[in-house]
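The chain below stands alone and is given in C-alpha cells; this is the form predicted on its own.
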C-alpha cells in the first residue's frame, strides 16, 4: 500500500466508539477510513459486562441488537464491602457478560458493512491534525497517507489524537488503573460479584462466563500505589491460583472527562475523551453514543462546508453525558473516601430504595439524580459536604 488516499473522514480506533462513528458516517455516504493498529478479532482488557444502557445504545446506533450468542445474561448480583457480604439480589436489571474479542469484531463488522474502508492492522507513523482549511493527514507505517477534512480520535485512553491536540492523553492525578485475569470457570449460576473497597477509590469484580471467570480490581492510580499486591490479595480471597492466570493491566480514564473534546474538525470520542463512569468504570455505552454523536456532528458540518464547526456541534450533543459523569464524580467521595464511605455502605445496606436506584443506574434505566436524592434524604449533612467538596475539586 502506498500513495495518498482521500476521504471525507478518518477515524482512529475501531473499538466501540470508532466502529459506531464509522457506521453512522458511512451510511450517510461519507468516504470513511477506519484505522486501528490492531487486527481483529483481538483480546482487550475489559470486564466484559455489557449494561442495559449499552444494549439500548447499540440498538439505537446500529439499528439492531447484537448477536445473542455473544452473551450470557446475569440478573443475579452479590455485593460485598471490604470482604464481607453486603447484599444479594436475584432479579436485578440484567448484566450481559461477553468477551471483547467477539463483541469488538461484531461492531467492526457493522462499520465495514455500512461502507467504511478497513485499515485495521495498520499502525500510525505520523499524524497532522490540520487546521482551518488545512486537511488532516494520517500516515500509516504500511505506506499510504490518508487525508480528510475531519478526524475522530476513538483510539482509547492513550489516544495519539489527544496527544497531538493537547500534548498528553490524560492527567497523572486523575487516571485510574485496572488489573484483570481470565480465571477458570466457576459455577455457571454464580452471581455477578462486586466488591466495594477491594481497591482504594475503586472496586473489585468477578464476572462468571461460560468458559472463564473475569476477575479484576480497579481504582485511582494516585490512591493505589501497590495495585499488584491489591490484585494478589483479591485473587487469594476468591481462591484463584496466581500460577494459573496471567495478570493484565491498563489505564482507566475515569477521572475528569475532557470538557472540550477536540479542536475544530478533530473530535475525541469514548475513552479518548474520558467518557467513562467514575464510579462503575463502565464506558462502552458512552463510547458508542459519543462515537455516533461525533459522526453526526461531522456529517452536519461537512454538509455545510464548514468542518471546523464540528466541535461546537459535538460539544452541545455531549452535554447530557457530561452532566451524568459530573454527577457521578460528585458522589464518588461518598462511596469511596474513607471519611464518608460508611455513610454510603450503611445507606446501601439499609435502604431498599437506594439499592434499587443503584441497580437501575447500573442498567441505564436511571441517572445519578435518583441516587443523589437518596443520599441527601438519608444524611443531608454528610451528603452535602461531599457534594460541595467534589464540585470544588475535592
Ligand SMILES: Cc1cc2nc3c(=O)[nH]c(=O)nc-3n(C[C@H](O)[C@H](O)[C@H](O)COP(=O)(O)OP(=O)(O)OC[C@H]3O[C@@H](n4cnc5c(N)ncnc54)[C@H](O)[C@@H]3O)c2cc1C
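These numbers come from a predicted model, not from an experiment. Positions refer to the first chain, counted from 1.
The following text describes the form predicted together with the ligand, which does not appear among the structures shown.
Considering 256, 117, 250, 263, which brings a non-hydrogen atom within 4.5 Å of the ligand in the predicted complex? Checking each option against the ligand in the predicted complex, the one that comes within 4.5 Å is 250.
Among 170, 79, 234, 205, which has at least one heavy atom within 4.5 Å of the ligand in the predicted complex? Only one option qualifies, and that one is 205.
Are any of the heavy atoms in residue 154 no more than 4.5 Å from a heavy atom of the ligand in the predicted complex? Yes, residue 154 is a contact residue.
Test of understanding: in the predicted complex, would residue 17 fall inside 4.5 Å of the ligand by heavy atoms? Because a heavy atom of residue 17 falls inside 4.5 Å of the ligand in the predicted complex, the answer is yes.
Can any non-hydrogen atom of residue 321 be found within 4.5 angstroms of the ligand in the predicted complex? Heavy-atom contact with the ligand at 4.5 Å: absent for residue 321.
Check residue 282 for me: does it contact the ligand in the predicted complex (non-hydrogen atoms, 4.5 angstroms)? So residue 282 counts as contacting the ligand.
Please state whether every one of the three residues 32, 292 and 311 places a non-hydrogen atom within 4.5 angstroms of the ligand in the predicted complex. Looking in the predicted complex, the three residues 32, 292 and 311 all stay beyond 4.5 Å of the ligand (heavy atoms).
Counting any heavy atom within 4.5 Å as contact, can you tell me which stretch out of 237-245, 303-311, 191-199, 263-271 lines the ligand in the predicted complex? In short, 263-271.
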